[in-house]
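Next comes just one chain, in structure tokens: the form predicted on its own.
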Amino acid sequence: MPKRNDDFFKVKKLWSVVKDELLACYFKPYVAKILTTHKPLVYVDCFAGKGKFEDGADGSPLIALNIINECIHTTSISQTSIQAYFIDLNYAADLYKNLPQENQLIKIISGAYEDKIEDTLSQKDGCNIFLYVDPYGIKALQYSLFKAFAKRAFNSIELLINLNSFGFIREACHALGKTDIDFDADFFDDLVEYDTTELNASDKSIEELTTIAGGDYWIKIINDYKLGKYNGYEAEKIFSEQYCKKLQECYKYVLNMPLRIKQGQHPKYRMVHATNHPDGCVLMADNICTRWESWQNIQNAGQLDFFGGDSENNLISPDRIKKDVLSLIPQFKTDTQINIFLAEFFTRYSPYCKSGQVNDVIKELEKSQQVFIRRDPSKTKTGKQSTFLSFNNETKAYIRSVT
């Protein structure tokens, strides 16, 4: 194992704040919604760390536990079943000190995620599973494990993964003998890595990277990069897109979310959300936008930009949304649940806007008879024509192409 960064937990760095706030932004409404399934919830922090930073800031374990406890105390569901697992190879003892041991929800597991996760989930069929995967290095991101999880008989499963795609590109270049990487000179200075993966030019490294990526598609990307067909930032973008497509072989809805600190800056991390449930995908898209708006307010004061419209910093506009809706709608020849359409939209185009903004465009297109919407019930209790665009127990909207 490469030498650990033993100063990592002294002060909570900005990137850790960004990632944990994204988790918190989504996890609270997720827990509230998942409790209504009346099925057990199993939350696993796969790289839990110490649970708390030495400067007093909460780590992801305490953030998740606070949300779980709040949801338990505010839900109208009479009986809830939640178990929270925290896995860490190096800091299980610190977790015991920093997490409330009187809480019966908690189980701390000492060991490596890749060695412990299958046993942790071994008897959880029928449960709702949420995995927070913020690894110490890229080696732990084994695609085969994500693929295995998708085949299990869980009631639902969602993954929130910190994909260190730039770290992967760096090591892929090393493995294929490319030493001159054209990222900015200081690019990796604030790319916080607790356990930096270091590979060399060897068949073993190539095999290891192929295992991480779930295929050898990355080799062509790096070879094309070596030939000058695109720069390093473009190589990273292509790799992350291909990685998400690979995940879509197992999970129907996959969101690729670039994170950046400064306005106009290239993203330095990508968070990936994977699920088979359309509501989970739409909920994550809406919550990432909500989180983005709050960070934009800080950025507008000259400090921070959390998440741009997309990885190219393209501006968001109704015309862009309309163009994307019109491009997607022809594939829906039969009535399709509106939440499925929205999940497909965000999976294809990224969560650059909220579902309400997409719905506003759909209603405009409905008026101009460019899409067809069927609603059940078709009329309100007062006899007026229904206008909702939602899919739940009370209101069901379906969308399809008019051609």
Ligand SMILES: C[S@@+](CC[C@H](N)C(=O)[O-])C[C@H]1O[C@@H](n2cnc3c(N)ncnc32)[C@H](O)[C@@H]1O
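We number the residues from 1 along the sequence you see. No experiment lies behind these values; they were computed from the predicted model shown.
Note that the form predicted in complex with this ligand isn't included here; everything after this is about it.
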**Request:** Decide whether Gln337 counts as a contact residue for this ligand in the model of the complex under a heavy atom distance cut-off of 4.5 Å.
**Result:** no
**Prompt:** Is there a heavy atom of Phe9 no more than 4.5 Å from a heavy atom of this ligand in the model of the complex?
**Reply:** yes
**Message:** With the partner left out here, check for me: in the model of the complex, does some heavy atom of Pro135 sit within 4.5 Å of this ligand?
**Reply:** yes
**Prompt:** Given that the partner is absent here, does Val358 sit within 4.5 Å of this ligand in the model of the complex, heavy atoms only?
**Reply:** no
**Asked** Which single stretch, out of 339-347, 26-34, 361-369, 56-64, brings residue heavy atoms within 4.5 Å of this ligand in the model of the complex?
**Response** 56-64
**Request:** Identify which of Glu241, Asp279, Glu114, Asp286 has a heavy atom within 4.5 Å of this ligand in the model of the complex; exactly one of them does.
**Result:** Glu114
**Asked** Looking at Leu145, Ile206, Ile106, Ala140, which has any heavy atom no more than 4.5 Å from this ligand in the model of the complex?
**Response** Ala140
